[in-house]
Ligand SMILES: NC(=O)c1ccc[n+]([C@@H]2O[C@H](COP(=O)([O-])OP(=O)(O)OC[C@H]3O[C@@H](n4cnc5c(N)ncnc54)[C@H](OP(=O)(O)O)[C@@H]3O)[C@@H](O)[C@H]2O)c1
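The chain below stands alone and is given as structure tokens, in the form predicted on its own.
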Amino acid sequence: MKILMTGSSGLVGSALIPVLREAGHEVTKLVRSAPKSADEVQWDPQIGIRELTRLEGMDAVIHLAGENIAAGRWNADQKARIRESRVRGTQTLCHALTQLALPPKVLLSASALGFYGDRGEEVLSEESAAGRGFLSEVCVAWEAATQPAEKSGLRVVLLRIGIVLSPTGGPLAKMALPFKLGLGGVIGSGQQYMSWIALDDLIGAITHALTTEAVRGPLNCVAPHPVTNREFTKTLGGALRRPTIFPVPAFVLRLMLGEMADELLLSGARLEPKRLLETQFQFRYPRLDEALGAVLGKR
């Protein structure tokens, strides 16, 4: 297949490209800076795509671009950047796709578990309603921005990605350091659910969605066994052979991070990968101890 990708330099994109190319696919990267190689096309997510004709004849688009939500303490400007990078960027891309004489057949567009908000112990499938809060509102608008592509006939898959466990970056890299120093512990009450997925399984889920016609609409990209923060803490401490006796109270996080603490660290959502399982996707690491053992072993 000929595949166009945004967010190619991010944690997921940089791991996905070599897998796609090894499978024989041709990947063209949509980049914000001036192209440095023949496989790059420049775009401005707020304005449009240069050399739009380069997109003619693409078979698929994988859209992963977006501002890092944990790059710094949230304020009005940062929240606007987070929203605009996702919503406006997706609108710009989808508008461009609808202008093509030979448009792609499928669009995989990133979303996130933040769609569901803070839901306690409620088990959430792709049919569950959106939650409340800033991240939920962003995800709802982000997903809605793909509607022009769907209306023009593309098969659209909304990748509601959970907490990605990777040996090279993301949340696990930030969490592992205090644990290695023996300073790890439960966050807040510890009862908030963490819906996670190993990076290898996320790459597998994306390639599964790319080639499986039955997959369309929302897709929970999470492992089948979510855990509470208390369980995650215990399992990570065990994998690193370190104690987990230093809890982080909620009020401390709120003082340090403000609203971001409640949305990212103190809230939880218990997702199930219903559609992945229904379409026979096979997880390599369905349980957290297996995933952490594999991920941490790659360091």
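Numbers for residues come from their place in the sequence shown, where the first is 1. Predicted, not measured: the structure shown is a model, and the values here were computed from it.
Another form exists, predicted in complex with this ligand; not displayed. Remarks below refer to it.
A.B. asks: When this ligand is placed as it is in the predicted complex, which of 209-217, 83-91, 146-154, 176-184 ends up with heavy atoms within 4.5 Å of it?
C.D. replies: It is 83-91 that comes within 4.5 Å of the partner.
A.B. asks: Since only the chain is shown here, I'm wondering whether residue 9 would be in contact with this ligand in the predicted complex (any heavy atom pair within 4.5 Å).
C.D. replies: Close contact exists here: in the predicted complex, residue 9 approaches this ligand to within 4.5 Å, heavy atoms only.
A.B. asks: Is residue 65 close enough to this ligand in the predicted complex to count, meaning some heavy atom within 4.5 Å?
C.D. replies: Residue 65: contacts this ligand in the predicted complex.
A.B. asks: With a cut-off of 4.5 Å between heavy atoms, is residue 161 one of the residues that contacts this ligand in the predicted complex?
C.D. replies: So residue 161 counts as contacting this ligand.
A.B. asks: Test of understanding: in the predicted complex, would residue 112 fall inside 4.5 Å of this ligand by heavy atoms?
C.D. replies: Judged by the heavy-atom cut-off of 4.5 Å, residue 112 is in contact with this ligand in the predicted complex.
A.B. asks: Considering non-hydrogen atoms and a 4.5 Å limit, which listed residue (224, 204, 171, 133) is close to this ligand in the predicted complex?
C.D. replies: The option sitting close enough to the partner is 171.
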